[in-house]
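Read the single chain below, which is given as structure tokens and is the form predicted on its own.
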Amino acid sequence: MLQLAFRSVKERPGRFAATLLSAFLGAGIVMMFNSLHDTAAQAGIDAQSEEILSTTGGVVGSYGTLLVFFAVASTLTVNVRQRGDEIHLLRCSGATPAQIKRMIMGEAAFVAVIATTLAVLPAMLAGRLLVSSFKDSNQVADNVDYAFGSIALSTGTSITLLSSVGAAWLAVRRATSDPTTTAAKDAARARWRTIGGITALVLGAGAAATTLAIDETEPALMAPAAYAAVMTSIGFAVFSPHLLRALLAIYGRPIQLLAGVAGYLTVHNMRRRADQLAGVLMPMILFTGVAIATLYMQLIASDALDAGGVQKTADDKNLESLNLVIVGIIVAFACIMLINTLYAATSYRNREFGGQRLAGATPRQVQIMVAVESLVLTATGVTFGTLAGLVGILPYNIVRTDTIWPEQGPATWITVTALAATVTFLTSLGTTRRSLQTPAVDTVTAAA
């Protein structure tokens, strides 16, 4: 089966393009920031330089690990779902579930190794640029030489490999389950997801309460507030299928009235595919929640210092730079993860689109359906991402300004929302338009 996995990756590389891109970007981010630990570990580094390098590497490295797993898991899940007929054929040919699992996990391991190898040079260049930016802002001494060593290589390789193989194992479990036990296993997984989601929400609420108990002069004030936004975002992401169904129960009828046939198709499909759409909502909620929380908290901190006539210290500049770096990385990676997931999920629907056209739906109605779906997904992701961000923003603002609602305007929120909407619409509609260029009969025949 391992030989079959190697041959599958070699002969059909296009099948693994989305997973390869996710793993490549994830490995690059992890190695880029963990190379800061290699740099900080050199002899003769002053205390301030060592602190900023180690802090940045540790904070963003941990976020990167989480993002790598989510990114690879989302693309691998779609990949395995697309190969349902192939997996069924292998089962009928005598392959056991364990053999199929080894094959798909082997494919994921090969892709991870390739992605990590390709990511080494870009990670080195990006890490060198990051250290140079710290030097330009006088946060790191000019005599510090950039180093890319064992810490970066070992963490990048191990995290990407474990994330890929682990995500593949999770994705293929359901595909190879015995039909007689699938319902019981689905129920067990649903219980564990519920426990995980509730735990994340409780941790988020606890971090928000911790923020309220910290003095406003404490440098670490922003850390629990940011953690509150992250954990609440994860909690909402876990429950996103239920949240989406709840919103459709409220707005489903108005959508059908406004969009006609396309609206009916939208509501029907989204209710049926709510669990699958969680893969799209997860990066959108994480992106929106973390970006809004971090940006607004940095604005609140900067405005509070300006209002008090206080000169920014080196620690203030370090924290501001760290926040901007974190947001930049999360925004870039979450957007790419969202594009990857949307592209893979929409491409998977070629047969569905063909069937709808053969049943009488026009290409324009299909495109309107996808546009309305994109609107609902964006509204759902932004809504709960914003709520998650507020879990961190409000307690932080209360401590810093003694007011509940921040005075900063909606410009930052509008920018983040516009970016999420643009990525969603362009990817979904672009992929759908490409699918509609193929005759409906050919699409259904090729996918069958």
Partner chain sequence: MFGRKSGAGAVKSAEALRLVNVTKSYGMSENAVKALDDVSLSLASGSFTAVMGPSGSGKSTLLQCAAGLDRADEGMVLVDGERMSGATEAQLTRFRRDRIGFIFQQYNLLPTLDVVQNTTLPLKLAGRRIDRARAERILGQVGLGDRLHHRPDTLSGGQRQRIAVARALVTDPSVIFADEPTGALDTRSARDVLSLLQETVRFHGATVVMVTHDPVAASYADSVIFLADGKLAGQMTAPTADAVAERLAHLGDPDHDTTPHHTDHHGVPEYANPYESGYRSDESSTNDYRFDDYSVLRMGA
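Given the structure is predicted, the values throughout are model-derived calculations rather than measurements. Numbering follows the first chain given and starts at 1.
Beyond the structure shown, there is the form predicted together with its partner chain, which is absent from this document and is the topic of what follows.
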Margin query: Just to confirm the contact call: exactly one of 352-360, 89-97, 113-121, 133-141 touches its partner chain in the model of the complex at a 4.5 Å heavy atom cutoff, so which is it?
Written below: 352-360
Notebook entry, point to check: its partner chain isn't shown here, but in the model of the complex which of Gln298, Gln365, Thr210, Thr157 has a heavy atom within 4.5 Å of it?
Noted result: Gln365
Notebook entry, point to check: Which residue among Arg273, Arg128, Arg81, Arg102 has a heavy atom within 4.5 angstroms of its partner chain in the model of the complex?
Noted result: Arg273
Note to self: Is Tyr348 near its partner chain? Define near as a heavy atom within 4.5 Å, in the model of the complex.
What the structure shows: no
Check: How about Arg173: is it within 4.5 Å of its partner chain in the model of the complex, going by heavy atoms?
Finding: no
Notebook entry, point to check: Within a 4.5 Å heavy atom cut-off, is Leu265 in contact with its partner chain in the model of the complex?
Noted result: yes
Notebook entry, point to check: For Ala17, is any heavy atom within 4.5 Å of its partner chain in the model of the complex, or not?
Noted result: no
Next item on the list: Assess the spot marked by Val261, Leu436 and Val441: is its partner chain within 4.5 Å of a heavy atom from every one of these residues in the model of the complex?
Entry: yes
Item checked: Those residues of 191-216 which, in the model of the complex, come within 4.5 Å of its partner chain by heavy atom -> none
